[in-house]
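Below you'll find only one chain, the form predicted on its own, shown as structure tokens.
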């Protein structure tokens, strides 16, 4: 299927689409939103309101994310639209690129289009992966196992823990801080800053939204001030870490500007752990619900790669991306999407599209076809996927290797309110003991 320019039908948002969408984002349904995603998927491309479309089909999303007429820059939204209450500025510089603003998650390269996106991503990747740093992530395998086991040792004599607080949260925070070169003693400060910055999506009403935006702005300013001082230190005394590379390297694309360094660092710090926390918690929860898969994983830990990919298909943390914009009139799945429209990409619905995956609601690590969209796709595919993939695999293997008779205390557990990122806010588990390393 391809996207065409000349034909298609327009439609107003249907009641069934709007009702199904409302059920998807209703916090009361966070434990199992998938029946509502299935209802949305009855129209793989559907109009939600005058200027917003939702895309739920696997093929339709692939077509969308590879179309050059689709922007990831929210500044291209039609006037009056916003994302989580944030109305992006429309200013551009002399080259027609977005003008540099105050550092923010919303100004990071994941929110930009080519060529600036490509340049910033390449400048960052130079210090993180192939071809210049091939083997960088895999070399951290030993550190990851040590950190996970230190956290499990910290359970002490307890026979019940909240896995989110005790392991799923602190482990990826420690890892992304190590990657960036943030001192270990400063890690706790990121918990509050990160929670305030992403909490704008969890607002329960206009007053709550205004309060959360104010707190997010304050947290961003404090995080920026901290990172700016750290960048100064890395400029004077560079180390072997990513932030030192960003502030000091003069590569083919030139030196990254200070604003871009800070935008990138904020994105990596927040994106580098928020989704991974949910991957670990969703993974432990799903495996404890499927003892036959768990027993095999305990016998055959090398099976974890396939288990992980199936977990990411079935229970992806990143459920919805609400930031794509049509730069021109286009037709997707037979539906005309006018220029300037907001497009919401429903990854979680596509991962269970029965037109693409056989028996899509079944947890089957042995499935042959598993080209899921759990890490997104196209030029904006998850930058930190190699790190997250290894972190979660090691966490799952070590948790179930060391805990004796682990079991859920509460099923379903409480979920975070964020409609875009899905995962338990707490995951209490009980066990009979902790095996030695």
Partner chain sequence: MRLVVDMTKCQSYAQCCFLAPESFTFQGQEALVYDPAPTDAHRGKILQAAAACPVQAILLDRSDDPTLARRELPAPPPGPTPLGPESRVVVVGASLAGLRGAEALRREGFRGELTIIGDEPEEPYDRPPLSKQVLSGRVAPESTTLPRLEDLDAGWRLGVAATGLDLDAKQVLLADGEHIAFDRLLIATGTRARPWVDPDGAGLDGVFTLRTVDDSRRLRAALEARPARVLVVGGGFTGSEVASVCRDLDLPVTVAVRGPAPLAGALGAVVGRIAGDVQRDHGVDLRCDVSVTTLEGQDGRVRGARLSDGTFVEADVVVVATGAVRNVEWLEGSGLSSGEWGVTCDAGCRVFDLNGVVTDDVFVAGDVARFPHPVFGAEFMAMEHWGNAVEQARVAAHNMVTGQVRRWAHLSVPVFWSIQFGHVIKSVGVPSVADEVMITQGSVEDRSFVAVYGRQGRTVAAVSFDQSKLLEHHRRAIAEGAAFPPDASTVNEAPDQDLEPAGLPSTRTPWAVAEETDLVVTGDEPSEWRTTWRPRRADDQQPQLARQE
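Numbering follows the first chain given and starts at 1. Model, not experiment: these values are computed from the prediction.
Form predicted together with the partner chain: not shown, discussed below.
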Next on the checklist: At 4.5 Å between heavy atoms, is residue 381 in contact with the partner chain in the predicted bound form?
Outcome noted: yes
Checklist entry - Does the partner chain get within 4.5 angstroms of any non-hydrogen atom of residue 233 in the predicted bound form? => result no
Item to check | the partner chain contact at residue 66 in the predicted bound form, heavy atom, 4.5 Å | outcome: yes
Next on the checklist: If we define contact as a non-hydrogen atom of the residue within 4.5 angstroms of the partner, is residue 389 a contact of the partner chain in the predicted bound form?
Outcome noted: yes
Checklist entry - Okay, which stretch from 404-412, 25-33, 368-376, 48-56 lines the partner chain in the predicted bound form, with non-hydrogen atoms inside 4.5 Å? => result 368-376
Checklist outcome for this item: Note: exactly one of 359, 328, 214, 150 sits with a heavy atom within 4.5 Å of the partner chain in the predicted bound form, namely 328
Item to check | in the predicted bound form, the one of 191, 159, 132, 355 near the partner chain [non-hydrogen atom within 4.5 angstroms] | outcome: 132
Checklist entry - Would the partner chain be touched by all three of 42, 202 and 207 in the predicted bound form, meaning a heavy atom each within 4.5 Å? => result no
Checklist entry - What residues in 134-170 sit within 4.5 Å of the partner chain in the predicted bound form, counting heavy atoms only? => result 134, 135, 137, 138, 141
